[in-house]
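Next up: a single chain in structure tokens, the form predicted alone.
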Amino acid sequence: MDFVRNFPLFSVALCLMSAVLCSVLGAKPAKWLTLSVQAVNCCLSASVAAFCLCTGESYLYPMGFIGAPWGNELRGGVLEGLIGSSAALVLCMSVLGGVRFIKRDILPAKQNLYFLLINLVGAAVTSLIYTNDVFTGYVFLEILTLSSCGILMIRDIGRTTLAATRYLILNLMGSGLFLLGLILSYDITGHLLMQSMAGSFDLLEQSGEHAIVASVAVGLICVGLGIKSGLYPFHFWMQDTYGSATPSSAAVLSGVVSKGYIFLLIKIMCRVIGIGSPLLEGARFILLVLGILGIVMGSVGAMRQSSVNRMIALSSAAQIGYIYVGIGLGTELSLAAAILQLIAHMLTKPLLFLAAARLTEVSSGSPVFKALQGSGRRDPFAGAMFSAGAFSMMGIPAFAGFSAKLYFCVAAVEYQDLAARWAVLLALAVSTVLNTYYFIRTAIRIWSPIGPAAEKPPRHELAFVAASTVLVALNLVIGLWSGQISRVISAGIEMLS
């Protein structure tokens, strides 16, 4: 069983080796290699989660022969394994379900390079999930930023170039703030490994020394990662980035990339500083306020869009807001709700982007709502998949989105601060109404009677059917067995802190 401890390293190494091989392979072998590696990584991370559940404890994996506090380390735990397996699975399904559009949108000579970039995304996200060293986290933040820009720009149209430029500028701004926070943290603690930094922060908290510097460092780290993950008001790049990318890229960027940034923030807050530390009070308050604003304003922005891709993209700002509200409340129950929402959003957003691409394809290639009239009748399977994703976003019972919202409500009701409690509950209510409005409006339009210009839908590929079915099935599993999954998440949070 101790062999399982090697799996985090194996996951990162497999992605990196696969990226190298993809550079010399043809498009088809590169595709199958990428899908195989991500499927294997899903099993490896699931094994890590199961191993830690069975042993009841997490573990550290030293890299090389130099131990703490100078050596580099990976950390395996229940949450790392759960999020790692979810990310690898969603990455695999996003590529599999969008194969048709990869062939359509990307030049044949560049398709193997696309799969190379997908493997780099997988390596970077896996490293962010498992790292126990904040500087290694920063290094892979940059790798993830550049590879994310690559999978966006590889669709060679002017709009993706503009979107990638905007995305890169905002992400570099977030990286810069994160790096400044790390520099200040290292200056006052002398450590980069999370466990060693945690001890130093405890001593600083007890002594009261460098309190202002520590608070500024923590704030810079939180804001930097918030910008990179699309926290309001830094979400305006989403509509062009997600809306103009090829569907697989939009699914990966919205479903996987942003979650890597958020999970790294959760690890730093819980393992390094302590979620209940006075040093985090100001940062948690800011994240709570911005999360509430994101829930409402993201929904308002999505409601005002005229195309389905941009609507789905902007609704991500609201869903990211839910996660930051859970982090901002800072209780064990709210953190469990945030992680449940993270997984639910990870499974649902790729499903929506892939299904919307199929509906657009049978609507003269136009994503505007007027052109989508009756698209669900022209392509019933894609319409059903989009409807399932919409149900989860609206919070319909039996779907993952409902379970996450329910846990947020319980966490808010049990929160001690009365003003924060009612602010969160009101934001949840308003967002639910707005989500229901624009997703129901879309569902009615796609299932409306077909006009005279009905088109014969293209033949469904098995890849799209399999990927979307897996995503819907997992969404239902989380919705129907949320109690058991939340207990696993709670056990992971206990190991994390």
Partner chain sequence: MLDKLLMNYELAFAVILFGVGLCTLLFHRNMIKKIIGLNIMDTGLYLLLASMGYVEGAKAPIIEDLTNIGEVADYINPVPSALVLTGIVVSVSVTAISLSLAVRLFKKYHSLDLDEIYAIARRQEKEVF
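Numbering follows the first chain given and starts at 1. Bear in mind that the values here come from a model prediction, so they are computed numbers and not experimental data.
This protein has a second form, the form predicted in complex with the partner chain, left out of what is shown; the following refers to that one.
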Could you work out which of D202, E281, E209, D156 is the residue within 4.5 angstroms of the partner chain in the predicted complex, going by heavy atoms?
D156
Here the chain is shown alone; which of V300, L172, V216, A420 has a heavy atom within 4.5 Å of the partner chain in the predicted complex?
L172
At 4.5 Å between heavy atoms, is I183 in contact with the partner chain in the predicted complex?
yes
With the cut-off set at 4.5 Å between non-hydrogen atoms, does F369 touch the partner chain in the predicted complex?
no
Using 4.5 Å between non-hydrogen atoms, is T165 touching the partner chain in the predicted complex?
yes
At 4.5 Å between heavy atoms, is C409 in contact with the partner chain in the predicted complex?
no
Counting any heavy atom within 4.5 Å as contact, can you tell me which stretch out of 375-383, 144-152, 401-409, 348-356 lines the partner chain in the predicted complex?
144-152
Within 4.5 Å of the partner chain in the predicted complex, counting any non-hydrogen atom, which residues from 238-273 show up?
D240
